[in-house]
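The chain below stands alone and is given in structure tokens; this is the form predicted alone.
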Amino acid sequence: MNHSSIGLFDSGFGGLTVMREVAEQLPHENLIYFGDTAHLPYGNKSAETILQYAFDNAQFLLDQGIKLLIISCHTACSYAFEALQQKLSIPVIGVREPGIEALLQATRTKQVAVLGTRATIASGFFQAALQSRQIDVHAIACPLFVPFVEEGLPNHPAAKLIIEHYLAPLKRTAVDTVLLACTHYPLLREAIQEALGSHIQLIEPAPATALAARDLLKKRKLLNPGTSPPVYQFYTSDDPQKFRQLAKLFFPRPIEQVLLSPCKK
């Protein structure tokens, strides 16, 4: 299986920020990305619906013969990570735990904030995980962030107003570190940093997730021993042309083709 691909899925384009880091850390690995844009956003769906989407996405990638699954979506991780780990015969990692570990290493005041979709925050996972480590956590749902990013408007004045609105409560706290608990949010990083101030450290989960993938493949002896250029494949459940156009914001390498997934629902 060493030559098999790593599979990644997300509700849309945001998971490409994870794919970008994986491509950097594992330059010889073949990668397959599936963006379920037909059901975007996941953040306002029920737990049962998110779980079903996650299983469908994972099955599609399994059908491509992947050797590792990366859940590049915090919302899907919040509701489906353990279930997928138990069900699948291949290793599964997500963006939750690597992001939390990076957050814990960075904070000095032990007061942190987590920004996520409504469903991610409602799951309570991050709050429980951080509070169990004696961390004071401020969890903020930011449901309008993803639509701005998915429409290619991360720098629109309206996006900056919404960011200011959501993050205003943090200015009255001793928070020193903020986890961007949605892979879309790095596209809003500049505006988020401006709203919070330069003294606040922003943590993106993608770099730590890529390192976790590298370490796991090395431990399982599943690293691709080849040195030929890797193959990157892109699938979406809706509108491949739009996907190809907007994906350039997230993934800086050439995207020659985007295919419509046969599992479109």
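The first residue of the sequence shown is number 1, and the count goes up from there. Note that the coordinates shown come from a computational prediction; the quantities given were computed from them, not determined experimentally.
Here the subject shifts to the form predicted in complex with D-glutamic acid, a form of this protein not shown in this document.
In the predicted bound form, no heavy atom of Phe34 sits within 4.5 Å of D-glutamic acid. Under a 4.5 angstroms non-hydrogen atom cutoff, D-glutamic acid in the predicted bound form lacks Phe60 among its neighbouring residues.
Not displayed here, D-glutamic acid is kept clear of Val112 by more than 4.5 Å at the level of heavy atoms in the predicted bound form. At a distance threshold of 4.5 angstroms between non-hydrogen atoms, Pro205 is out of contact with D-glutamic acid in the predicted bound form. The candidate spot formed by Ser11, Val146 and Cys182 is fully in contact with D-glutamic acid in the predicted bound form: every one of the three has a heavy atom within 4.5 Å. Residues with any non-hydrogen atom within 4.5 angstroms of D-glutamic acid in the predicted bound form fall in just one of 221 to 229, 38 to 46, 22 to 30, 52 to 60: 38 to 46. Scanning 66 to 82 for heavy atoms within 4.5 Å of D-glutamic acid in the predicted bound form gives Cys73, His74, Thr75 in sequence order.
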